[in-house]
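Listed next as structure tokens is one chain, alone, in the form predicted on its own.
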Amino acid sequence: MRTKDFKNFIRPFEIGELISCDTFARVVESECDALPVGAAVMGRQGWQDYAVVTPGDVKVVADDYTAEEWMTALSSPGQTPYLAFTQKARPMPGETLVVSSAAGAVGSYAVQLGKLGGMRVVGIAGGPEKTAYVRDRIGADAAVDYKSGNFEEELAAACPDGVHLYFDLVGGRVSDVVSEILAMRSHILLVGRIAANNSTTPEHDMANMRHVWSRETTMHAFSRYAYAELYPQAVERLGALLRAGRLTMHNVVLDGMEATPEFLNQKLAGRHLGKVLVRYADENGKRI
């Protein structure tokens, strides 16, 4: 969405601009007492080997957690469903939660947090490997393949009481199919719009609003960036779940600055499960 010139919650990239992204780094040189050499810091320093920062640009984080934990369960992938559920539409025990892109970085945590909230969770993913991961590794009650020729029927069969809460990361056709089986007075969390953001016709997302209306469904738009003051609370709660062994991470760690664009393409093409991380340097600061 940041390569397209249309209004969104974040502006498009300019040609030649540094590509920003969440980063975990170590301070290797410092003229600031607040950022001592060796400190671990989180920020958005982007696709570069080194960054010059001030204390306002980064947050010093504890070494109690690994770099992978800080970049996944304790960052956007874990915080997004945690904050969406706590601030917008809280999971209710016994009701049915459907999560699209359930094998992805954010969706996999939505599945797990929904289960921890006592919900019956149905994950939607693409292909047998991903549906098996959603069902067998992260504990969904059912996993449905949106690439199946019987997707509509299989999803309906997995949700006999309808969908009470839909955690929507995709939009497009998948969301239209889910809308067919919404329960009365259900809720939709609009968290991501992958199909629309990558589409030349985003105005077609989503089309089946008549079902949203007829079921008196409430739609909640959600962006994690609106809740920065709650990040510390989210880290505390998610960290406790990690330490208790109640959250499962699945990260793909790849090496090399030069290969980063291809890794991004692979991720967008659905070739990887979970969160894709690219490592630019080892713990001693040596470039990889």
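Source: prediction; values computed, not measured. Just count from 1 along the sequence shown to find any residue number.
Not on display, but discussed next: the form predicted in complex with a small molecule.
Asker: Name the single residue among Leu97, Ala73, Val178, Val191 that comes within 4.5 Å of the small molecule in the predicted bound form, judging by heavy atoms.
Answerer: Contact residue from the list: Val191.
Asker: Only one of Arg90, Lys147, Arg210, Arg185 gets a heavy atom within 4.5 Å of the small molecule in the predicted bound form. Which one?
Answerer: Selected option: Lys147.
Asker: Might Thr260 be said to contact the small molecule in the predicted bound form, defining contact as any heavy atom within 4.5 Å?
Answerer: No, no contact at 4.5 Å.
Asker: Can Gly270 be called a contact residue for the small molecule in the predicted bound form at 4.5 Å between heavy atoms?
Answerer: Output for Gly270 is yes: heavy atoms within 4.5 Å of the small molecule.
Asker: Examine Gly162 and determine whether its closest non-hydrogen atom to the small molecule in the predicted bound form is within 4.5 angstroms.
Answerer: Outside the cut-off, so no.
Asker: Residue-level contact is defined here as any heavy atom of the residue lying within 4.5 Å of the small molecule in the predicted bound form; does Leu169 satisfy this criterion?
Answerer: Result yes; Leu169 sits at the interface with the small molecule in the predicted bound form.
Asker: Check for me: heavy atom within 4.5 Å of the small molecule in the predicted bound form, for each of Thr80, Ala125 and Arg224, yes or no.
Answerer: Every listed residue reaches the small molecule in the predicted bound form, so yes.
Asker: Within 4.5 Å of the small molecule in the predicted bound form, counting heavy atoms only, one of 97-105, 112-120, 153-161, 210-218 shows up; tell me which.
Answerer: Of the stretches listed, the one contacting the partner is 97-105.
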